[in-house]
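To begin, one chain is listed below as structure tokens, in the form predicted alone.
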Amino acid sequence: MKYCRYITGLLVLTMASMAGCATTLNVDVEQTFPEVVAEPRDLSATLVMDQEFRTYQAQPNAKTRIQIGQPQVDLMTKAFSGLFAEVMVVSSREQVRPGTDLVIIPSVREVQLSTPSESYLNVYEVWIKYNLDIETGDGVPVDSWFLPAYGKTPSSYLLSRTTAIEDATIVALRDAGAKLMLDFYRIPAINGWLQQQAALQAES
């Protein structure tokens, strides 16, 4: 009788464990970023971040969802404030005011996640792939820039799965911000646009 109860108890624990494994893990990334210390160019930009971008929830696999909407809005706003003297943030292209120099519309292409059970490494890794559609204030396309970002935990030791994924995501977001600050004005199409603007000003 005791043996039967023991076996029954094991079955219950196993079923509960299997049910827990099937549960979707929701990771809510709560992070704000510091103001950027930089010398912005004397230009104006409007960031168009729609509702989908502001509330973006990545699903890198069937069992994981990562909420990155709020932190990526904060990151983009502060990064571009270090690149442009004047930055406006709107929710749709129709809200862009006349006179803005560039309109930037970011979107998320894909978010990927690698866990220790998949990579056999003692780290969690997150890749965020952004696309930035860049236009003039008049709606003339300038470029569609691919911005990849990567982050990982130093080690998953003593970290819960939720905390490890959140930490790796924050590192990836910081990587995106750093690449924006370093590379935005190096984009060939942006550099060409700047030269064109300088030539127009010289003529006038």
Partner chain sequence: MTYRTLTALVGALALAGCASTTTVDDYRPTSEPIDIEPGEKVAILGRRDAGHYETDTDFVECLADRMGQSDFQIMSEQEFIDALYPWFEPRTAPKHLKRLQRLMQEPVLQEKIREENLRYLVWLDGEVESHGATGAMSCGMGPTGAGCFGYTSWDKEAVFEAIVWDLVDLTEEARIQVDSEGTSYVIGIVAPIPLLTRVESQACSGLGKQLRSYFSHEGR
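Residue numbers count along the first chain shown, from 1. Keep in mind that what you see is a predicted model, and the values were worked out from it rather than measured.
Although not depicted, the form predicted together with its partner chain is the subject of the following passage.
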Review point. Can any non-hydrogen atom of residue 62 be found within 4.5 angstroms of its partner chain in the model of the complex?
Key: no
Practice item. Could you confirm whether residue 175 comes within 4.5 Å of its partner chain in the model of the complex, counting heavy atoms only? Key: yes
Practice item. Examine residue 69 and determine whether its closest non-hydrogen atom to its partner chain in the model of the complex is within 4.5 angstroms. Key: no
Check your understanding: Are any of the heavy atoms in residue 41 no more than 4.5 Å from a heavy atom of its partner chain in the model of the complex?
Key -> no
Practice item. May I ask you to choose, among 138, 35, 52, 30, the residue with a heavy atom within 4.5 Å of its partner chain in the model of the complex? Key: 35
Point to revise | Segment assignment from 52-60, 175-183, 159-167, 138-146: heavy atom within 4.5 Å of its partner chain in the model of the complex | key: 175-183
